[in-house]
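Taking the form predicted alone, here's one chain by itself in structure tokens.
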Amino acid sequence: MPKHYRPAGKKKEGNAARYMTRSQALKHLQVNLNLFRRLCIVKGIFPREPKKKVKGNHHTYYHVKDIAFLQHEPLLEKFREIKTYQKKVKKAKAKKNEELARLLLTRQPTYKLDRLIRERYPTFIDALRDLDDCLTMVHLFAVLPASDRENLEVKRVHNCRRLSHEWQAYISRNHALRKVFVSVKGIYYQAELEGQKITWLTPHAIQQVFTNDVDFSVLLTFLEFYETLLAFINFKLYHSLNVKYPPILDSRLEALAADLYALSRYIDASSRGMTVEPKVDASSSSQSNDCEESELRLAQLQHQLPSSEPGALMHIVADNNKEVEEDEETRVCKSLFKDLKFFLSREVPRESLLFVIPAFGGMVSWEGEGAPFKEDDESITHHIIDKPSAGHLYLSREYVQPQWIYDCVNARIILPTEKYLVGRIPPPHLSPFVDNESEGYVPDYAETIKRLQAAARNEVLPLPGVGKEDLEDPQNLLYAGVISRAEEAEAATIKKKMATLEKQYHEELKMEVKVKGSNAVVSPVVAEGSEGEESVDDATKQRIAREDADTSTVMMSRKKRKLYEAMKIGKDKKKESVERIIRRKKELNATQE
């Protein structure tokens, strides 16, 4: 009998028992492919990669436990019920019974994903960790046009826009924004909540076009889940500020497309305890009660907000009753644009700047109705403009390009405005998500920003071409004019004392080695010799280092050796890219000269 012979009906073992293909899963659940995809998306089930693919490499595999998890999902029965009900509606329309079809559509069964949110994210931190794709998807659909061909309704677009503005208003209110980068794809933001860094991408405010190579049915399923998730998170965040959710906004500002400003006003008023719950007459109907309650609360909100202080409306001040201590970075972000007032022209990205400037403590207004203050306000310090203006220029303010705001935010200091004046080519917009030191190339403007940051912190950095070790010599600092002669003498005394202590410590170590009679290997002191001897020594050192590297590579396993070679290839590619950038920089400087 063969070793691996299994009689008919014998229970399967190994990967054949633990995994099944997608076609087997569809047959097991008795659903079609579209319904199976929807279930996997909302339940968070993804394909697996078994070590041995029993059915072949061209199949998609799922774990048996995941399929059993789907089989007992109550949402599966709800989807089947909806599919059966849609057949009734289709049958009524086929019989030309429009009245019955409308009646059936009003009674169509619905479902909610609230239970799945609580199931997949037991804690609030778990939900924040999985928020990057959610925010990117919601912000994308907030700028897309409604389309019947893609089943994208106007109500869904408005809901995405509302959720995105609620999220941005909270981030701006709590000064949780950390990084901003404007790229070709859109604007990248990074915020920090509960110790979690959340990064998302917002498209530019231009007309978006649908493409044929994207399956919008799958995206809409993801969006359905993400809308529920973001609503849960916004509810939790707003209640942490003692603000009622969902917020009731000023209808006039909503009509003027100033939703973010309206949300900022609502949060500021609610956190100060200005809103009062209206009394409702019990004898009136429920529909009239809701309308009267909304109108009354809007009237109270509009009346109680200080209309004489437009700066206080947009500048989201800290709540005096807030007991949570702010960290150092939050305090820096909160006071970056303190006591600065900005005015936005029509051509600049208004929504992005309305989000970024208040998040760092600034006051902002724009051109149009509903603005907190007008253009002729004498207290405006900066006018954000992207093209030369033919109108009246005020000498009391500075006219800068929008990039100045983003660069100041990433540098955490107020940068000089000379390079950002209107009509000039601004300096390169550096990404805050790239670590220049690890990449091996530091741009010139990054060095300039680094020196400005050091000057703001009253630190001393070495000049170009001078190492940090030169700063340890007080004589150099005296010549550079950084310290006075008395400070130089004191620093020299301290340095001499430290050198004496270090020499004494080394002598004690040598005496201890002699006493113990240890076999410590003392590195030979190479005297100054001829150039030939130095070259021989260098060649010997290189050969020994190469032999050591080869020996360590031979002792590795195949998997680790392949990983090590891949790491070396990556380092070589990074080095080549850095050399290419330096070469192009030299060529550009040569052509400019």
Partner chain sequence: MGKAKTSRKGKKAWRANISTEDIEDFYEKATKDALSGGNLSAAPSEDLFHVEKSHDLPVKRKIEKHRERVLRCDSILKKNPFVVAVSSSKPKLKKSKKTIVTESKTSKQVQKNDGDDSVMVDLWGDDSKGELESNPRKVSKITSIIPAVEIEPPGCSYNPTTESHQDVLAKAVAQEMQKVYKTELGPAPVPLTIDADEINEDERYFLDVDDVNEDEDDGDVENEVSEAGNKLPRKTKRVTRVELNKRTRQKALRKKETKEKYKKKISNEIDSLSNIIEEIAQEDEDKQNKHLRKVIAKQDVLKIRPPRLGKHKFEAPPVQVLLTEEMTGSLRKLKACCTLARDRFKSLEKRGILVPSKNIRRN
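Only a predicted model underlies this, so the values are computations on that prediction, with no experimental measurement involved. Numbering follows the first chain given and starts at 1. Note that the rigid core is defined as the largest set of C-alphas that superpose within 1.5 Å between two forms.
The same protein also exists as the form predicted together with the partner chain; that form is not shown, yet it is the one meant from here on.
Novice: Exactly one residue in 174, 401, 164, 264 has a non-hydrogen atom within 4.5 Å of the partner chain in the model of the complex; which is it?
Specialist: Filtering the options by heavy-atom distance leaves 401.
Novice: Work out which of 440, 370, 203, 247 lies within 4.5 Å of the partner chain in the model of the complex, going by heavy atoms.
Specialist: None of the others qualify; the residue that does is 203.
Novice: Given a 4.5 Å cut-off on heavy atoms, tell me which of 121-129, 330-338, 391-399, 448-456 is the interface stretch with the partner chain in the model of the complex.
Specialist: This holds for exactly one stretch, 121-129.
Novice: Please determine whether residue 355 contacts the partner chain in the model of the complex, using a 4.5 Å cut-off between heavy atoms.
Specialist: Contact with the partner chain, no.
Novice: Although the partner chain is absent from this view, report whether residue 588 comes within 4.5 Å of it in the model of the complex, heavy atoms only.
Specialist: Residue-level check for residue 588: yes, a contact with the partner chain.
Novice: With the partner left out here, check for me: in the model of the complex, does some heavy atom of residue 584 sit within 4.5 Å of the partner chain?
Specialist: Contact check for residue 584: yes, within 4.5 Å of the partner chain in the model of the complex.
Novice: Answer with yes or no whether residue 48 is in contact with the partner chain in the model of the complex, where contact means some heavy atom within 4.5 Å.
Specialist: So residue 48 counts as contacting the partner chain.
Novice: Check 159, 361 and 408: does every one of them have a heavy atom within 4.5 Å of the partner chain in the model of the complex?
Specialist: No, none of 159, 361 and 408 comes within 4.5 Å of the partner chain in the model of the complex.
Novice: Using the arrangement in the model of the complex, list in sequence order the residues of 418-439 with any heavy atom within 4.5 angstroms of the partner chain.
Specialist: Sequence-ordered list: 425, 426, 427, 428, 429, 430, 431, 433, 434.
Novice: Is it true that residue 566 shifts between this form and the one not shown by 2 Å or more at the Cα, once the core is aligned?
Specialist: Where the cores coincide, residue 566 still shows a C-alpha shift between this form and the one not shown that is 2 Å or more.
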